[in-house]
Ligand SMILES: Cc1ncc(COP(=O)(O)O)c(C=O)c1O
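In the form predicted on its own, a lone chain appears below as structure tokens.
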């Protein structure tokens, strides 16, 4: 019996049709599909301006650069997140400082984060993890009191709102990812939004070799190549059309998992941040023995994923490294790694496969 994969992008005839149109137009670089995709994203997210980036990590890097973050600065990053969040800070020459997360939702703990603010702190990076929003009221309150910037890592945040407002639209900039496992995908790609015209101008210069006009060879500023292709945007537009169905299907799959695992005393589900909706990015569960359960499932039916390895424990940050943080007080990110695992939730996952997965988990716990 085939193993159920962790990630399975939902692409088909709609994406292929749009790609064919790109080929027929013979405009492969950023063009009409990119313009339409950008306009549609801005309208959905609720931001006036947006630019593409090659991937989510570079979207964060681009956003940080546009905010003027650089050497000597510190940026507060949750300890429970993909390493790209911290690496984007390091790319600017600044230092990520790791904050703990909530034991209930695994979103950034703003009481812990506020205690890390120093005279060098220039920004804070809430990460909207597992398909829900961070507590953006608390984030914006702390940032406002201390006069620091907010860059939202909304890589997993498409379709996610906080008190009715889309993730990515609260801070100075918001950054998204369209990697293959995201709610909508273009294979690789990122997006940076802002409501600030000056930041938008910075983004335009930084992503286009220090110029506003692609046809010019006069470069008023230092910039780089952060562009994508119309082929990617064509896929993205098809995915965006599917988004309501994707969200509906993810919620249905999540419900089936909740029903299938109901009554297993060893299995609990994290809570959802108050004020946030929930567009499940993975089916996240907490168990006493996550490593053993993952090994059991991997040998039998399904690919699983652990929670993110705590950033302060990363070998590349050994002895402080670029982060310079000893991990004191980061108990909840460690708890999440020790007890959390992620089950697949892609739209084409069948009810029969969900029953297989839940059955194996029950089998593991002797039910």
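Residue numbers count along the first chain shown, from 1. These figures come from a predicted structure and were not determined experimentally.
The same protein also exists as the form predicted in complex with the ligand; that form is not shown, yet it is the one meant from here on.
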{"query": "Contact test, all of 158, 185 and 236, partner the ligand in the model of the complex, heavy atom 4.5 Å", "finding": "no"}
{"query": "Proximity of residue 81 to the ligand in the model of the complex, heavy atoms at 4.5 Å", "finding": "yes"}
{"query": "Residue 96, heavy atom within 4.5 angstroms of the ligand in the model of the complex", "finding": "no"}
{"query": "Distance check, residue 192 to the ligand in the model of the complex, heavy atom within 4.5 Å", "finding": "no"}
{"query": "The ligand contact at residue 232 in the model of the complex, heavy atom, 4.5 Å", "finding": "no"}
{"query": "Single option in 57, 332, 38, 304 placed near the ligand in the model of the complex, where near means a heavy atom within 4.5 Å", "finding": "57"}
{"query": "Sole residue of 254, 179, 162, 200 within 4.5 Å of the ligand in the model of the complex, by heavy atom", "finding": "179"}
{"query": "In the model of the complex, segment of 243-251, 222-230, 208-216, 125-133 with a heavy atom within 4.5 Å of the ligand", "finding": "125-133"}
